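A single chain, nothing else alongside it, follows as structure tokens in the form predicted on its own.
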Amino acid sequence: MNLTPRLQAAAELCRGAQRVIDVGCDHAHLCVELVRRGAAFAYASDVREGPLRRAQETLARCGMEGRIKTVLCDGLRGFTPDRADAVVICGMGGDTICQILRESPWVLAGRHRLVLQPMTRSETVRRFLAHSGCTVTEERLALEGDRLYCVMAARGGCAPYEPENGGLFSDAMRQDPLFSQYLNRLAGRCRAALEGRQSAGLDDGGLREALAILQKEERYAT
């Protein structure tokens, strides 16, 4: 499989997993790659029949029907905790990822590795994880075209806490070679949003606070 950079990062964060649930599997390329890397079994899950048909075509083409099962369900509702040791949710908005995890709280208890790749609102995902007692253990940045994507691995089982930086980034992300670029881009978006609010005669303390955190981290990172 020729995985995109963000799915390649997700595959790397799944290392060692033996049974994987991929929520929102699309063509099931990630599942195929994980089995090829040593996973014993994978579930390619989606809420729509169209992606599952494409996934089934992929499995037939790769001869993976016996190692990967397609499942039609909404989020994780079709699964029980004993089905897997890792759960992957890639390519969805941050709010949607949080909703899927919220509706299946067993995945937050600490038995499962979570590999999450939000397309938007990654800070919302980090805050949700922290408030749910999950720690981001690793986080990678993937550059596709001109967009940077966050790909994080997390595990639950600890006490809920408040992230010091408001979830704008994780400690695990600091070692990534694209970290400075990520900070710069996020700070630029915060500045633009704050300027827009001020032009409308409004102010936003949350944006000011976020910008101060990012500017301080930028100085530390450079």
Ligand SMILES: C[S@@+](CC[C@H](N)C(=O)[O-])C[C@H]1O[C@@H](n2cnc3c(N)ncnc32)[C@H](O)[C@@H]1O
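Being a predicted model, the structure only gives us computed values, none of them experimental. Residue numbers run from 1 along the displayed sequence.
Keep in mind the form predicted together with this ligand is missing from the figure; the text below concerns it.
In the model of the complex, at least one heavy atom of His27 sits within 4.5 Å of a heavy atom of this ligand. This ligand in the model of the complex is not approached by Gly94, whose heavy atoms all lie more than 4.5 angstroms from it.
In the model of the complex, this ligand sits within 4.5 Å of a heavy atom of Arg48. Shown alone here, Val20 lies farther than 4.5 Å from this ligand in the model of the complex, counting heavy atoms only.
Segments offered: 180-188, 153-161, 48-56, 33-41. Contacting this ligand in the model of the complex at heavy atom distances within 4.5 Å is 48-56. Exactly one listed residue, out of Leu141, Leu114, Ile100, Ala84, brings a non-hydrogen atom to within 4.5 Å of this ligand in the model of the complex: Ile100. If you take 59-82 and check each residue for a heavy atom within 4.5 Å of this ligand in the model of the complex, you get Cys73, Asp74, Gly75, in sequence order.
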